[in-house]
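Shown here is one chain on its own, the form predicted alone, set out as structure tokens.
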């Protein structure tokens, strides 16, 4: 079993798709860092021109705004409105790079593209075996199909999870000089790094979940394109549709809402009665339930993939 695991790990690392996507991800982080460095500023006064323009346009809009007639008095008065001060507008257009806030929010948002990339890489990893006939060759010297499938799942999940953590750590390092020279680095305490490491681990687990879905669907469909198509249809079409049916009742059971909750992102929560009007609030909910639910989904799909893999002929 150890030899089979090492062989599959080496095959995964040698795949061109994994290497190309890894290089592109590193280049994207560096490019984003350079772009943010150029567009940010160390001083709050850099946003002064935009702040003055906003305040001026606001006063002009109020001065030329519509009038409202008072029914019983016959007088006309200007609409009551107020404009922000220049100081308030400066904060709105603040160009300083806030290291702690930006690094945390970027980690949360980038976790979702990495989930889809992990899904695609893992699906192609298994789908290519069926396309090239390599699966038949593998089963000639290891006929126990459970071991074969497990040997593909474990390296894919571990390597992709580790790759996500390394990528986020690299991004955090790239952002440090931007915060030092073009922004603010206050708040870089031990608790911040602990919270950030927790986000990295969550993102890695989400990527591992995506990899398990990719392997499961590719094993069921025996084709990379079919697995990617099924994933696209569900995420882009079915998930959004069901998440809005019956006042979002299915949302807590669907993929995207649980991924958002796993990354501690606020999600929409409908409160109130339909007869009196619904209210939508944004809340951050516990990540325990999504972790359990997504694990059940992954294990269930892999179990179904193993059942079909064991029952069906490989030719």
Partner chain sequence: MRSVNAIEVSSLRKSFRRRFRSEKIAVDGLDLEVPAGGVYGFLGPNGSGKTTTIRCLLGLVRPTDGECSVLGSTHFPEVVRRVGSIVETPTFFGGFSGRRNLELLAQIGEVPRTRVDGVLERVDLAEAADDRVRTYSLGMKQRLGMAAVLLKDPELLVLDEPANGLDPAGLKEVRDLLRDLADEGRTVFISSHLLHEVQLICDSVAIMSHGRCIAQGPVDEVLQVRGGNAFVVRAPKLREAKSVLTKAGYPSTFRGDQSLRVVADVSAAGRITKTLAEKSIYLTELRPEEISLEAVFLELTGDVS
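As the structure is a computational prediction, the values presented were derived from the model and not from experiment. Residue numbers count along the first chain shown, from 1.
The next section is about a form of this same protein that is not shown, the form predicted together with its partner chain.
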Though only this chain appears here, would residue 134 touch its partner chain in the predicted bound form if you measure heavy atom gaps against 4.5 Å?
-> yes
Does residue 144 reach its partner chain in the predicted bound form if we count a contact as any heavy atom within 4.5 Å?
-> yes
Check whether residue 140 has any heavy atom within 4.5 Å of a heavy atom of its partner chain in the predicted bound form, and answer yes or no.
-> yes
Can you name the residues of 1-33 that have a heavy atom within 4.5 Å of its partner chain in the predicted bound form?
-> 1, 2, 3, 4, 6, 7, 10, 11, 14, 16
